[in-house]
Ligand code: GLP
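Okay, here we've got a single chain as structure tokens, the form predicted on its own, with questions on binding and movement later.
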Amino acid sequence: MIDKNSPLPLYYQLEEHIKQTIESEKLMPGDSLPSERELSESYQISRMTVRQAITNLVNKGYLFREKGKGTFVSNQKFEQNLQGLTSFTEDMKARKLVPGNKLLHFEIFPADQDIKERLDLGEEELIYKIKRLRLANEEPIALETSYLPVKLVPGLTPEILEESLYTYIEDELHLNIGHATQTVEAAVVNEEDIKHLNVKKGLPVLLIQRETYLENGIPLELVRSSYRADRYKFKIDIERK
């Protein structure tokens, strides 16, 4: 697997080989990597070269180290393309993962001033406040709070929210979702994130805020989410103008 006559650096060759082994699922999350000494002997390269390859893979999130135990394969991050508007359920199914929801809070109440302005609501208009824990293959991925006008989405129940909200809106209410604006920023987990996302204090999360509109421009939804930064990443393709 290592070609010493190649112009590619030896550490890079080993790094790519281990990465391909992980991506082809020959090494699974939680599997331990052979020691530096074992890899050095197997590929007839120096331990310094092995160490550089492993460090690069740790920095890229493919591996993690546990002091006194060794080096292990990390859970790989879910990647979402920011150029399309999809629901969490649609996104997970596209990855052949089983989406799941745990409804934490469901309430109807008058919108406060901030929500009224963002959803262009009148005085005393009612909104749904929906807090859900989003799961992929039963693993917590995001903590999501959604706000929707009751007048636009009548009849919404906790039972409906067990499936895709967007499917109910489009297939049952025959509303056409048009576009959304979304912001992403980094933050440190708060107590609620720690409780529901099974993450440790001090770890990062991705804070996502999305405002979704119908095709006719009417605001449909405001969503605020905390995504596990160790399990999720966002991708966007950019063209030079």
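Keep in mind it's a predicted model, so treat the numbers as computed, not measured. Residues carry their position along the shown sequence, with the first being 1.
This protein has a second form, the form predicted together with this ligand, left out of what is shown; the following refers to that one.
Trainee: Choose from 102-110, 131-139, 151-159, 116-124 the stretch whose residues reach within 4.5 Å of this ligand in the model of the complex, heavy atoms counted.
Mentor: Only one stretch passes the 4.5 Å heavy-atom test: 131-139.
Trainee: Answer yes if any heavy atom of residue 164 is within 4.5 Å of a heavy atom of this ligand in the model of the complex; otherwise answer no.
Mentor: So residue 164 counts as contacting this ligand.
Trainee: Using the partner position in the model of the complex, report whether residue 223 sits within 4.5 Å of this ligand, counting heavy atoms only.
Mentor: Looking in the model of the complex, residue contacts with this ligand include residue 223, since a heavy atom lies within 4.5 Å.
Trainee: Is there a non-hydrogen atom of residue 71 within 4.5 angstroms of a non-hydrogen atom of this ligand in the model of the complex?
Mentor: Residue-level check for residue 71: no, no contact with this ligand.
Trainee: Find out whether any non-hydrogen atom of residue 86 is located within 4.5 angstroms of this ligand in the model of the complex, and reply yes or no.
Mentor: Judged by the heavy-atom cut-off of 4.5 Å, residue 86 is in contact with this ligand in the model of the complex.
Trainee: For the spot marked by 144, 210 and 227, is every residue within 4.5 Å of this ligand in the model of the complex through some heavy atom?
Mentor: Verified in the model of the complex; spot residues all in contact, yes.
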